[in-house]
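Next comes just one chain, in structure tokens: the form predicted alone.
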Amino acid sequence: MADRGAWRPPRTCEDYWSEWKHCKGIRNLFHNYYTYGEAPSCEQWKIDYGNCRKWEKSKSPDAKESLCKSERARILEKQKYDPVWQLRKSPPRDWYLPLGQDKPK
């Protein structure tokens, strides 16, 4: 039975590989070029895949640290953008009225 206290990568190695394949796909390349005006950088996914495989084979502390650092950077990247919608503190005061009935025509 596997050791339950052992460190595991944040994702499986196959996840890193599929993210890299998705990133390199023509559909994603076109979408990123259309949206942002440049091709996406997919190298980090490939580096992470290599580090994950290195961790699985030799339990390399460098690979472990690199994977942890990369995942932290991804989380911080997601958190730096504000949400699209403003969250409400309370419902609108006329929330119970039927839609369109409260506005004069």
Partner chain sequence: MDRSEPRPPPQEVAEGEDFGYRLFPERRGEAKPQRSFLSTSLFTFNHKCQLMLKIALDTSPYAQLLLDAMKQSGCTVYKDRHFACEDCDGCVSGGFDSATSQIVLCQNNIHHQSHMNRVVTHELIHAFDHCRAHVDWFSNVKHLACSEIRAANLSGDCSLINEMTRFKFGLKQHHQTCVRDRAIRSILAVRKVSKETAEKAVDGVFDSCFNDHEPFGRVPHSKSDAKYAYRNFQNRDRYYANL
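Note that the structure is a prediction, hence the values are computed from the model and not measured. Numbering follows the first chain given and starts at 1.
A second form of this protein, the form predicted together with its partner chain, is not displayed here; the remarks below concern that form.
Student: So, residue 53 and its partner chain: in the model of the complex, are they within 4.5 Å at any heavy atom pair?
Tutor: Result no; residue 53 lies far from its partner chain in the model of the complex.
Student: Can you tell me whether residue 24 touches its partner chain? I mean in the model of the complex, with a 4.5 angstroms heavy atom cut-off.
Tutor: No, residue 24 sits far enough from its partner chain in the model of the complex that none of its heavy atoms falls within 4.5 Å.
Student: So in the model of the complex, does any heavy atom of residue 29 sit within 4.5 Å of its partner chain?
Tutor: Residue 29 lies outside the contact set for its partner chain.
Student: Using heavy atoms and a 4.5 Å limit, would one call residue 41 a contact residue for its partner chain in the model of the complex?
Tutor: Residue 41: no, not in contact with its partner chain in the model of the complex.
Student: Pull the contact list for 28 to 66: residues with a heavy atom within 4.5 Å of its partner chain in the model of the complex, in sequence order.
Tutor: Contacts from 28 to 66: 30, 31, 33, 34, 35, 36, 37.
Student: Closer or farther: how do the Cα atoms of residue 89 and residue 76 compare in the model of the complex relative to this form, given a change of at least 3 Å?
Tutor: Pair moves closer in the model of the complex.
Student: Note whether the distance between the C-alpha atoms of residue 87 and residue 75 decreases (closer) or increases (farther) in the model of the complex, against the displayed form; the change is 3 Å or more.
Tutor: Those two alpha carbons end up closer in the model of the complex.
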